[in-house]
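Starting off, we have a lone chain in the form predicted alone, written out as structure tokens.
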């Protein structure tokens, strides 16, 4: 994610720590249920030493999202991406502040198939307090953090997080992660992260997680997303989105709001690439 505040003098790591505290203070004042994820929220030993984050990641209880949005915007945060355009999983949206930088607000975690409100309850019931910038912030416990890091690695083409969060875990700790994944209906995503995806070839999300772990073309991605869409309505919405330029991403790429000509040019490029890829597939068939 690009840093729009290059003129600020505060180091990124310090700014991220302070921003975690700012967001939690807003949540405390409005009785908003949050869990802090990744970055300085990670408990010791679960990530390589010296690893830094460039933004704040929080998981909000879905029913508390409107309150959190109002709180963020009351102190000057501006929304830059919508949930529907933020990712393949439509799980997060991004807010920007000229002083505090980026905050990624998650209502669910990719790979977790349990209802988002129920999933938050599962993750929050064993949460612990971790001080970030000298402010108490609720974070998932060690088992949940192991799972979260492995799931994140699975959709990020693999990271060293797996080395610490999974390979560095004791057998009993891995069993705890598997049980939590089963409760959250995240078994396929966990399998993708730990090299066991082939055990789930019959799952609707198998092709999508294979795409994340092995790569592939945009056509492969959209076909996998279509297979993973749980309802006819979701499949229709996906087909509509496939034909539309993601204005939020285009804005972040350009560093400014896109003009109509920017959108038209990107749409032409999108169609050109789609035709070229389809022609190539036909030629190889």
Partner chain sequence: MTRYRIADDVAWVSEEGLDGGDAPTAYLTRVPKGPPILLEGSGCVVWLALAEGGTMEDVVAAAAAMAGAGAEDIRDDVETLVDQLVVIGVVRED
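Numbering follows the first chain given and starts at 1. All figures in this text were calculated on a predicted structure; none of them were measured in a lab.
Below, we refer to the form predicted together with the partner chain, which is not included among the displayed structures.
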Taking 4.5 Å between heavy atoms as the contact cutoff, choose which of 99, 82, 214, 198 touches the partner chain in the model of the complex. 99
Please check if residue 118 has a heavy atom lying within 4.5 Å of any heavy atom of the partner chain in the model of the complex. no
Using a 4.5 angstroms cut-off on non-hydrogen atoms, would residue 259 count as touching the partner chain in the model of the complex? no
For residue 50, is any heavy atom within 4.5 Å of the partner chain in the model of the complex, or not? yes
Does any heavy atom of residue 182 come within 4.5 Å of a heavy atom of the partner chain in the model of the complex? no
Since the partner is left out here, which residues of 117-142 would have a heavy atom within 4.5 Å of the partner chain in the model of the complex? 133, 134, 135
